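Only one chain is included here, represented as structure tokens and corresponding to the form predicted on its own.
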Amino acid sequence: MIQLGIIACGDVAFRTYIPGIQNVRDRATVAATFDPLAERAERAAAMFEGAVAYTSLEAFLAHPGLQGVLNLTPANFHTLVSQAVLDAGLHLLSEKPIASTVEEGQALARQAAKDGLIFLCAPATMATGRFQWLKSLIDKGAFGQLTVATGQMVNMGPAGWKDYTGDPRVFYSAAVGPVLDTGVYVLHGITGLLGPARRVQAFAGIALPERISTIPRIEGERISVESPDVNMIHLDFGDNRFAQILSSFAVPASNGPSTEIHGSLGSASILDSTWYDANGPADLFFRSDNEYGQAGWNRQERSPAPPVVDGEHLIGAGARHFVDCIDGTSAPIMTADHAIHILEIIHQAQESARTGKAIDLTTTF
């Protein structure tokens, strides 16, 4: 039985990661939890038989038999905490972003590789059944020569999410914003299907400088917006292949798809309403009848690929994939190199929006 530990027992831990671990409880369990607030660490530990709750990170990392750790701390703590986990010789799954800077992410990745440790980073977009199925169709040539991808993750941010139990203010701060919070999901999906991007150009700004919380416990509280709440990111993949991603906290709602991939022979489209379903549908369009479907739209209720875990959540899929990598049933998909590439895209998109220039990218995966 693989012994896991959870660092930071907040909203995302209880909402998605703990259910993700429970989905593979025949192979893994949580042996230790850490949170500065004892009641949160104890609540998480109580969900797993024999788990121990800690409020000391040093003591947590020394827990006997611990093999892998999920770093679910706020974004600005990722580098420091991940460093401590790797220093303790433990396998690591970090929430996104992988680090504060590309250089920090690369240093962590080098250490993990040197020490033979698994180092994964969220999001788990490409580790889901749906995206692995789409990738297999692309690799088989079902869509022909790929040309264009589009994606969007849009809403008003967590201040309007009434059942959110965390602190919504941090997501509007200069340290986070919509791209680091949710835009990364489609960035990972599009680059996972098309490959590494070569160049980025972006537009960004703060359209709505204040939010009023609708979360009952802080209803009516005013939140200042310090990070661009509208981000339009353009990617050049080379060979006349391009992508356009809208990431925003200034859009009340949209009926548009979260991701579309287009090629010379067909297209794939994923609705926003099913985005977090790891085994959800992807509607396919083919220009002519072929082995993958009839000409026109082939609309589906579910992805035809057998689900790895029935009912799996996209975020929770990361926990399952982490266990798969530790027990050797899967090669790493949520790689540090991919996460570093996405972090560079995000940082250089910010620079492009500031300067008005297209910027070449230096990382790959």
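In case it trips you up, residue 1 is the first one in the sequence shown, and so on. Source: prediction; values computed, not measured.
One more form of this protein, predicted together with a small molecule, exists but is not displayed; see below.
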Can you tell me whether H63 touches the small molecule? I mean in the predicted complex, with a 4.5 angstroms heavy atom cut-off. no
So, in the predicted complex, is L37 in contact with the small molecule at a 4.5 angstroms heavy atom limit? yes
Taking heavy atoms and a 4.5 Å cut-off, does Y164 contact the small molecule in the predicted complex? yes
R211 near the small molecule in the predicted complex, any heavy atom under 4.5 Å? no
If contact means any heavy atom within 4.5 Å, which of 332-340, 27-35, 318-326, 294-302 contacts the small molecule in the predicted complex? 27-35
Y172, Y185, F131, F143: which sits within 4.5 Å of the small molecule in the predicted complex by any heavy atom? Y185
